[in-house]
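Below, in structure tokens: the form predicted on its own, a single chain.
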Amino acid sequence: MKTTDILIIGAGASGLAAAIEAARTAPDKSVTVFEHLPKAGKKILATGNGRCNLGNLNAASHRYTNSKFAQPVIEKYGVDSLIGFFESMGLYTRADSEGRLYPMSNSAASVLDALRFECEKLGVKIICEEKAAQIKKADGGFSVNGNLQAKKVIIATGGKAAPSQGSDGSGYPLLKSLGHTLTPLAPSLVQIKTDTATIKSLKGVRAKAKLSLSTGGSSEGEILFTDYGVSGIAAMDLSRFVKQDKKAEISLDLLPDFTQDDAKEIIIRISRHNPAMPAESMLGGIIHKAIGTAAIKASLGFMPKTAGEIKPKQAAVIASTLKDFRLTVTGTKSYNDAQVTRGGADVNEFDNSTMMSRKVKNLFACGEVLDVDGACGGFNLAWAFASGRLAGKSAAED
């Protein structure tokens, strides 16, 4: 039977980070990585629209799901540590105005190359097209697939989001078979499906908005109206809070830079200044013309011919609609469209000072397979790299 000191299951961001940290911590120990795809790191190549948004300057203060568990890990391997980790491999980074961290090459391929070449340099053995179908405790360690003996195992398989990139959810049954509990799973950072009666005319229109979910949760930024509901960064961030089994409404504040009273006065002013202007065009100076038209129709139930026909009371109703445009949530798009998975292995069953299981000695988990997720902007990769590095270092230490 083949043997290895440390087996890492999954050659994504957290798995490769774990492998590097383990090999650096204990150069004399053998580190093996199983990857079920033909090549390592496929999902890394797709992140950040091919640019790989690999972290965020604000990760330490970000409100992750299960932040109490995640934040000490993020703080231990904070942004300076992350930047230094990649610089040690010859990859340099820059941050944009919102704190999102990118490789200076603006290429996700350079991130993957840095990780792969460092693994190769350190003697990490990456075995592709090898799936861990079964793990059993055996002889103080673990028997994997009945033909490999590992002293320690790190589960770094990711979640179920973007299965075409390799996240097939295979880590969940492995952890469950070893006695771990899974929290409910759902697609996250994904487009939201809504009723479309009031937004049929808005397909392809983008807007800046504040979004609030009636069941809790909010976001702010760009949205994109679609033929099924809403997309864009702000909508995808809000999807983290959508519960598939609960009815909810999204409230869109489509004029976040104005108060409702300000919006009402602007509408009145326009109607008085240019009463002959077609009503469908009157809000084009403060919002996309198509959104203004949709808001007037939704508010009044009809479209007046001219701006001058709109009375002050009607202006107040239109302003209210623009500040609180309601859409009924009917669900989200699937894992195929999602960036991450909400839910996963219960974090209460892991020690966040080591990432080791509290139930099974020498079993570790990191990254998206755990019930930790964040918003768009590099927060999820920051968690993957930090938790992976901690798991790798801990597994390498006796």
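No experiment lies behind these values; they were computed from the predicted model shown. Throughout, we count residues from 1 along the sequence that is shown.
The form predicted together with a small molecule exists for this protein as well; it is not shown, and the discussion that follows is about that form.
- Using a 4.5 angstroms limit between non-hydrogen atoms, Asn362 is distant from the small molecule in the predicted complex.
- Interface residue remark: Gly367 is counted as part of the site for the small molecule in the predicted complex, having a heavy atom within 4.5 Å.
- Proximity of Leu37 to the small molecule in the predicted complex: non-hydrogen atoms within 4.5 Å are present.
- None of the heavy atoms of Met355 is located within 4.5 Å of the small molecule in the predicted complex.
- Proximity to the small molecule in the predicted complex holds for none of Ile223, Gly229 and Thr332, with the criterion being a heavy atom within 4.5 Å.
- Of the stretches 71 to 79, 324 to 332, 90 to 98, 151 to 159, only 151 to 159 has residues with a heavy atom within 4.5 Å of the small molecule in the predicted complex.
- In terms of contact with the small molecule in the predicted complex, the residue from Ser105, Ser299, Ser170, Ser218 that brings a heavy atom within 4.5 Å is Ser170.
- In terms of contact with the small molecule in the predicted complex, the residue from Leu115, Ile287, Leu175, Ala132 that brings a heavy atom within 4.5 Å is Ala132.
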